[in-house]
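Below you will find one chain, with nothing else, as structure tokens; this is the form predicted on its own, and questions on how it binds or moves follow later.
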Amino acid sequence: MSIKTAYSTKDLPDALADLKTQSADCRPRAVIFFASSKYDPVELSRQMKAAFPEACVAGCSTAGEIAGGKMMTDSIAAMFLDEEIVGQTALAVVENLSGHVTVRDAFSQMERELHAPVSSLDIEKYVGLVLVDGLSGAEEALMERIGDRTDIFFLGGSAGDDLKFAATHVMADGGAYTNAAVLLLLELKRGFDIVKTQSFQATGKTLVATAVDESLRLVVEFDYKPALEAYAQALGVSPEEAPSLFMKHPLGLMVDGDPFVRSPQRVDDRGILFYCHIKQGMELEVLQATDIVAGTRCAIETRKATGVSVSGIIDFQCILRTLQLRAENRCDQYGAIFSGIPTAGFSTYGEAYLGHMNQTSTILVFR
């Protein structure tokens, strides 16, 4: 089998033995894993590389895991890609995200591994995965620097720590890092597709960010009014009631009618803090939540209906979507969408695709 997935809820080192048993008939060229913060990241990364020494191995800590048609916690979920799926691989770590973000050295390292400039790679065959410290606040800068260097699509997610918001980790070939990102380039022999679904619809109401502190992801004013007041007016509620509606009514940067979601986090004495940067002058649509399960199922079924094969899926799912599914007791329904398809993924602190966004499921589909 060209793609296999496995998961384990056991402690180390038994969890690694469990994963190896489940992947026994696979000789992976790449191993991608997502693990609860209950696992020591240094030891986990070391043991993952030791267990699969010939593979390119990358992973991160999570706020929940996805594998085997299930949404889980306190587990390790892993995907194994063999030579039928993956040709060349290249792996690099971008460190010191809290400083001036640069990807120059990481791209140079990947080019040495590929024996070719990244600019020469076929964007129909190569895809990039990005796993980033979810507490760094540097996702936007990182994705901008990547976009400056290549037209290859990079997608992924921000590492979590099971909602402790203390420390998140990315892992690569036996090392574990904070304040860092892992970049993984894969040559996919059969090609790939990217599916983005956010389960929101536009309300027809817009807000323009007229005063922002981008470094803090803070909007001070919308439409030249205090941010909370303007947001509440758009929803027809009081400012006191508005924060309780943040999850159901985030804002969307509309691109060809498709929202790239910016989720409000909380109110402070200056305005509204968001999980994503909002730039000065940006016009945003007020969104209305729809059914996550139905929306995701429709996105996957639409992709299947193209007639192109689906060999496997990596699902980068926002923790805010996961929290809503948990509150609605619908995690089993969501996991069942991927039954019969080798799938691995995790609940993220933000999603990466053409930038940084929230409350989205960003999905890599292997053909």
Partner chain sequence: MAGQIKHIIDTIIEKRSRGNPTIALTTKTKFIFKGVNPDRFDHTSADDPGLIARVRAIGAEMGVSV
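Positions refer to the first chain, counted from 1. Keep in mind the model is a prediction, meaning the values are calculated, not measured.
Keep in mind that the form predicted in complex with its partner chain is missing from the display, and what follows is about it.
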| property | result |
| --- | --- |
| is_contact(Glu144, its partner chain) in the predicted complex, heavy atom dist at most 4.5 Å | yes |
| Phe260: touches its partner chain in the predicted complex, heavy atom cutoff 4.5 angstroms | yes |
| Asp269: touches its partner chain in the predicted complex, heavy atom cutoff 4.5 angstroms | no |
| Contact test in the predicted complex: Ala234 vs its partner chain, heavy atoms, 4.5 Å | no |
| Selected contact from Met282, Ala211, Leu245, Val118, since only one has a non-hydrogen atom within 4.5 angstroms of its partner chain in the predicted complex | Met282 |
| Heavy atom within 4.5 Å of its partner chain in the predicted complex - the one residue of Leu163, Ile194, Ala294, Val255 that qualifies | Val255 |
| Site test, Asp11, Asp40 and Val42 vs its partner chain in the predicted complex, non-hydrogen atom cutoff 4.5 Å | no |
| One stretch from 69-77, 148-156, 99-107, 129-137 that, in the predicted complex, holds residues within 4.5 Å of its partner chain by heavy atom | 148-156 |
